[in-house]
Each structure stands twice: as structure tokens, then as C-alpha cells.
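So this first bit is one chain, no partners, the form predicted alone, shown in C-alpha cells.
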Amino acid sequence: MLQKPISPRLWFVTLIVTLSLILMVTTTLAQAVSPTEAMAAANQNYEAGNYIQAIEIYERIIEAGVEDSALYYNLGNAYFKEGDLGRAILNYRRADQLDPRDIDISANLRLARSQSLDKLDSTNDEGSINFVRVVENWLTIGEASVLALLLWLLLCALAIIAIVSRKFRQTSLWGMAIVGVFLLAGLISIGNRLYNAHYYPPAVIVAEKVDVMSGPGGADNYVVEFELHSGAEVTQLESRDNWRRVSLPGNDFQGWISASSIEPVTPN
């Protein structure tokens, strides 16, 4: 039986499909290397004093799904140079979440906080006297989870030794007690952070100035309790339409502000 030759139409369709696949692969490869190139371009703009252009590029990299402490740190520096204190503190805090032990991030965050108009007590000052706070301020939640897993495995290993070896039973039991204390503290830290991140997420005021209202609405319906300015750090307590109920460190003052005036520290 004779086979029919491939029709010109089929050749054309095959060519289009092949070119499309080549284009898709090329685009994917380009996207794979573009964040590095974009970062270099943003850094060049920053060094040249073109902070607006640098900000735009950094933001595009973040929108593409890249999450890196250096990226947020550089973005915070660009906003700081532009005089946008709120977004500078916001991005320094995002960088600090990803790399809490970086001294440059901590130093710039302290500097930016010192220039905020609202002098609020930091909730992190308790860390030196609270072991759980120390863990939270020193380790990311991912690192804390890995450490908790290792402690659990060590606890299991000590339990096995205590069961099978009379010679080392007493030592293993003491070791289990010590490891158990650290494991419990780690689990409390992880649970506390996950709970607060979900129910009481931290946020930063990014508006130049915002009125804090007694209810979820404007001055026509509610009383202005007090004012907050760019860079003030708050905790979100409740959401209602385009309004957010927030509290200051220590929960001493609470009120409602417009949703557009704040940004969450943990990106949505």
C-alpha cells in the first residue's frame, strides 16, 4: 500500500509548532537568568543614584516570585535614599525575616527606625531575657523547624539507648531531659510564630500620615483617636472591608486605619 506524501499544510503546522516550542524554551531560559541580570541592572541604577529606576526593577524581580534577603535589603536601601521611610522599614523587616542574623540588615533597620516620627517601643527588646524570643530573633521559622526535627531525632536516639543499654541508661535519661526542654522551647517558638503570623500579622505604615479612627470608617462616622506616620510598625488585629484594626507595640493603643495605608511584613 502506497503512503501519501506529507501535505504542505501539515508541513506548515509542524513548522509553527516547532517554532513555538523553540520560542517557549528560549523564553524559559531567558527568564531563568533574568533575575540575576535584572538585579545587576538595579544595583547599577542604585549606584548611579537612579533610585526610582532601581526600585522599579527590584519590585519587578519580587513580583516574578524571587524571595531573597539581599533583594529586600537593597530595595529597602533604595526606598530609604528616596525618603520613603515606611517602605524602607517594611523591606528591611522582610529581609530580616529571611536572614535575622545579618548585621547590615539589623543596622539599617535600627537607623530607619530612629528616623521615624512615631517613637514606639520595639517588641523585640524582650529577646535578651526570654529564651523563646531569642530563638525567634535568631532563627528563621524554617531553620527552627529543622532544628526541632534534629532534636526530636536525638531524643528518639537517646530513648533507644536508655532502653537497650543499662550502662548508659542514666546518662541517656538526663540527656533526654535536657533535649526535651530545648525541643519544647523550639516547638513553642514555632507555634507562637505561626499563630501570630496568621492571626496577628505585623505591618508597617507606608502612608505619609494616617488618622487612626475609633471604628472602620471615616471622620463622618467615627472619631480620630490619634495619628500615625510613615514607618510606624503595628500589628493587624481585624479586617473589615477596606479597613484594618491595628495595635501599637504593647497593645496600649488600638484603632482603625485604611487598608491602603499599610503593608504586611509578610507578603501575601
Partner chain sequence: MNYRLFYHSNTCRKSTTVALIAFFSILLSVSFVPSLVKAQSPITARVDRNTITIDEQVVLNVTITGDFLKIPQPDLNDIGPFIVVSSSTSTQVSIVNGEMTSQSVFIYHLQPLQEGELEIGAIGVNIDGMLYQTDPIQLEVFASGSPLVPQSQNSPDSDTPPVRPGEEFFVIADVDNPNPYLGQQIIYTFRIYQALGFPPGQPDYTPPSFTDFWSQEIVAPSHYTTELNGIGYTVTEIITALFPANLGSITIEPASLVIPGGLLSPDIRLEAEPVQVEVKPLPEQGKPENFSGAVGHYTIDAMLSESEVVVNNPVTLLVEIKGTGNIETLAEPALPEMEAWRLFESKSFSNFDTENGKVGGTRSFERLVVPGQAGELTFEPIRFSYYDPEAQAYQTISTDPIVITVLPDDSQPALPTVVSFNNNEEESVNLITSDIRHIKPVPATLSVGATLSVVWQTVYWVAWILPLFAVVAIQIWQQRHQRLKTDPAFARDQRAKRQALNTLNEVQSASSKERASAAGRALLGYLSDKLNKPTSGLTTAGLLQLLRESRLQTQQIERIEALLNQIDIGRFAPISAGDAESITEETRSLIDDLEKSFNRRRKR
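Numbering follows the first chain given and starts at 1. Remember, it's a predicted structure, so these values are computed and weren't measured experimentally.
The same protein has a further form, the form predicted together with the partner chain, not shown here; the description that follows concerns it.
Checked against the partner chain in the model of the complex, the residues Asn137, Ser172, Ser145, Asn192 give one hit for a heavy atom within 4.5 Å, which is Ser145. For the options Ser214, Asn221, Ser239, Thr36, the one in contact with the partner chain in the model of the complex, meaning a heavy atom within 4.5 Å, is Thr36. For Asn50, no non-hydrogen atom is located within 4.5 Å of the partner chain in the model of the complex, even though that partner is not displayed. Although the partner is absent from this view, Arg60 stays clear of the partner chain in the model of the complex, with no non-hydrogen atom inside 4.5 angstroms. In the model of the complex, Glu56 stays away from the partner chain, with no heavy atom inside 4.5 Å.
At a distance threshold of 4.5 angstroms between non-hydrogen atoms, Glu225 is out of contact with the partner chain in the model of the complex. Residues Glu47, Tyr58, Ala64, Gly65, Val66, Glu67, Asp68 are the members of 47-68 with a non-hydrogen atom no more than 4.5 angstroms from the partner chain in the model of the complex.
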